[in-house]
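Form predicted alone, single chain, as structure tokens, below.
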Amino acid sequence: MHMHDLQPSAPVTPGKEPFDAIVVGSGAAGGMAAFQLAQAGIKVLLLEAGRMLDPQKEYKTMEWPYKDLRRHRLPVGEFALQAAEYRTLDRPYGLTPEMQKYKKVMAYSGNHFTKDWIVNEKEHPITGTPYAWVRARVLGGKTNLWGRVSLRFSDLDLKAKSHDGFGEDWPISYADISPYYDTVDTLLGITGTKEGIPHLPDGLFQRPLKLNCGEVQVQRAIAKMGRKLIAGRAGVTTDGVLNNKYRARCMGRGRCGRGCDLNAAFHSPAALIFPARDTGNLVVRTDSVVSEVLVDDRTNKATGVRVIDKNTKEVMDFRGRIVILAASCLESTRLLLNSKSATRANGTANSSGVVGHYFCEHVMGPGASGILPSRVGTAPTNDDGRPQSTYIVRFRNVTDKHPDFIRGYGFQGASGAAEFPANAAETPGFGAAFKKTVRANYPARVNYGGFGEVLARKENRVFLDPEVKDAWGIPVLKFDYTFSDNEKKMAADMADTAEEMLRAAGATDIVVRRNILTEGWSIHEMGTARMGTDPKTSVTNSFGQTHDIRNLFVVDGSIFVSASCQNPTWMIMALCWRAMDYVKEQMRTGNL
């Protein structure tokens, strides 16, 4: 990798000729859209609201705490919201009296390593019901700090209505998306083990991660209950990938959430954007806040986007033959809602009135931790050196029917010794005896937390606040979103089954977590511009092409029909690749 490859382009200004395509957003979807089109010789302008990022300087994968005077604490004047504050503070969080003493207020995921990527809630307010909205404005967006869990959706997810009668089926089946999962696996690299589980399809896996002794103990115990614990499936190349000079294989060093300085973990800049720019067909413009999609109401075509320069606040209109929104689920939704005219009073691509509705994600919080006596006092192992933990596959409402709730959940978690001994926080006492107990139990802790499907209900929605605007004068989102009884009953079951499985594994000192974390904690927003075959009840077709405007596409999590309980990033990229194949064919045949 050569540093000159990473230097930002001089800010581009609108020219006489339109771009072939404008892509808004540079995360998983935006990076994939730009990569696919640029590789095909299509001239692309990629707009990112945040700044340029240099992975070699900013990914501090191996930094020890003593390298920082504040031992990785946030600087004075910066603050990351805690779980309780999402419930107790008014909205906008950053503008409450309690937060006035801070210059920067971040979402809960703000820390020493992410603080320059996560937005300031003072500049990016939200209103309405409590919501922990994590937003990263920097090239690559949240792919710089994502959890890397990469699971496929199955027909149990895509045809969930057919299974239990709620909601809508997706307009595609697993057979439609499976080939694109394969291509994403091959291009980006994924670690995992082949298990042959119908509702969690296998991928084209590279070298898998090994379970440690404690995890094998849990695996064997819950197998007797008909449940499966498998090695984590992570969007990380463990064998290396071909034709990408910016990435190297995983060396098992851990601390991946700070950004992997080898780029073994999938990050959009190194995996997609820099290679796309090397084709000469991609122009990247950072610090570009897109305020609306420009539409010619006479021709009913998108003509480009309006950009506010983040730093100078200069307003510019960029023209493109097609416009692709990939700004993240909620930001793309805000863009559609804010793109109004006399004939589009409810926003663009919103003749159905569906934009902003059917908001869904994953419910989190319930789980359990404990100590495995067989591991107490054994030598600590380098469990931090794995880019992903283990996964307990969904077992509810697969072949049976739970009496209290529909859909299901999976568990993510691990045993063993991470960099910081998490058991310390749960260990009573102080002094020498406390330290001795912490050290003895260090390799013996086991912890699992659930990720459950939130139903896509029409009443769960976001819309534009008529009064509050962000620092660039753009109306902000107002949330009207809560978990239903289905999620609450599912969460109660999560806590019960987590405890049940740890007891079966012989764990002691079990701590059961029953509280649900604030809405938004999963960072898995989906569903607010859902796809479908009926323009009256959906926003796009299965390729992300909006029903109302044929040269306007949406390719992020907003087009999901339902949330599943699997993490969405790999599905977003598979869907985007499929959509870009459609775009290329439509452009080739003159239909776009």
Partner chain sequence: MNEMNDPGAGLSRRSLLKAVGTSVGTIAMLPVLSDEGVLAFEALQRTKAAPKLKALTPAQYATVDALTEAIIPTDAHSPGARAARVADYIDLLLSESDAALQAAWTSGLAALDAAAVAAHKVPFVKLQAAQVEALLTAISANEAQPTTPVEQFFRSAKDATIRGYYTSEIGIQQDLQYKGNQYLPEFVGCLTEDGKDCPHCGQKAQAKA
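Residue numbers count along the first chain shown, from 1. Bear in mind the structure is a predicted one, so any value in this text is a computation, not a measurement.
Just so you know, the form predicted in complex with the partner chain exists too; it's not on screen, but the next bit is about it.
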query	finding
Proximity of residue 535 to the partner chain in the predicted complex, heavy atoms at 4.5 Å	no
4.5 angstroms heavy atom contact with the partner chain in the predicted complex for residue 101	yes
Residue 245: touches the partner chain in the predicted complex, heavy atom cutoff 4.5 angstroms	no
Interface membership of residue 309, the partner chain in the predicted complex, 4.5 Å heavy atom rule	no
Segment assignment from 106-114, 473-481, 459-467, 311-319: heavy atom within 4.5 Å of the partner chain in the predicted complex	106-114
One residue of 95, 510, 197, 424 in contact with the partner chain, assessed in the predicted complex (non-hydrogen atom, 4.5 angstroms)	424
Heavy atom within 4.5 Å of the partner chain in the predicted complex - the one residue of 211, 283, 294, 222 that qualifies	211
Non-hydrogen atom within 4.5 angstroms of the partner chain in the predicted complex for each of 76, 82 and 216	yes
Residues from 563-583 in contact with the partner chain (non-hydrogen atom within 4.5 Å) in the predicted complex	567
